[in-house]
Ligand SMILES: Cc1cc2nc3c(=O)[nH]c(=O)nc-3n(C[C@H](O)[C@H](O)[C@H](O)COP(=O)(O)O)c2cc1C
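The chain below stands alone and is given as structure tokens, in the form predicted on its own.
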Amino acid sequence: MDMNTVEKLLTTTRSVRKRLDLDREVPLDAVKSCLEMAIQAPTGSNSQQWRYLVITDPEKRKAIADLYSRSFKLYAKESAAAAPKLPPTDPRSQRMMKVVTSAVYLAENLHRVPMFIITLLEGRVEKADVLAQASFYGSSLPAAWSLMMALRANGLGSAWTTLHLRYEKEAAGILGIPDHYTQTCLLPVAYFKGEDFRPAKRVPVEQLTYLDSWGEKLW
């Protein structure tokens, strides 16, 4: 493998919000190959129970975006109440503000994004134990991340979002989703504006990784 290409893809697949091109249509064929790559991801017991709902209809996008906006307003209030009080000069405060403005932008403009992809899994686990839930969602996350990387490689941006799930049943009614399917995330999809993305600033891996026992530094 060309590790330079692999490294660039893995380190520059961003959650794209402000840089989504809201005025450029995304052809259905543009995402078909991305979905074909995504479903090569592993699933528990090789069950392959994922499904993908691609939404381009303006009225349905608006209806789902309205649910998202309602949920975002509640989320924003909850987050503001729980957020630590930091001085404006604190780097953490600046990072938080950048994320907040990006999230607000998406909530206000989601209905304008030309395509949504909702990822689903067959089954329900809301009343199941941690093991069952982890196994269940573990059959969705790898494929969804593969899809986001495939979109990135094809000049398309996306962002993992879940806020509409506060009103999952209403969304299912709008889209005709059967009761025995679980929506796992919503990806707004559009071509991205600008030339490229940079790797994000992260806490050094040395501070995040332990060896054999919690707290035992590996490096």
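Please read all numbers here as calculations on a predicted model, not as lab measurements. From 1 onward, residues are counted along the sequence shown.
We do not show the form predicted in complex with this ligand, though everything after this point is about it.
Relative to this ligand in the predicted bound form, residues V31, F116 and Y191 are all farther than 4.5 Å at every heavy atom. The listed set I55, I64, L163, A38 contains one residue whose heavy atoms approach this ligand in the predicted bound form to within 4.5 Å, identified as L163. At the 4.5 Å threshold, heavy atoms of M97 stay clear of this ligand in the predicted bound form, well away from it. Residue contact check for R19: none of its heavy atoms lie within 4.5 Å of this ligand in the predicted bound form. A residue is said to contact a partner when one of its heavy atoms sits within 4.5 Å of a partner heavy atom; R24 fails this definition for this ligand in the predicted bound form, lying far away. Contact check for L106: a non-hydrogen atom falls within 4.5 Å of this ligand in the predicted bound form.
This chain is displayed without this ligand, yet in the predicted bound form the stretch 154 to 162 from 154 to 162, 55 to 63, 172 to 180, 42 to 50 comes within 4.5 Å of it by heavy atoms. Along 32 to 68, a non-hydrogen atom within 4.5 Å of this ligand in the predicted bound form is carried only by Y68.
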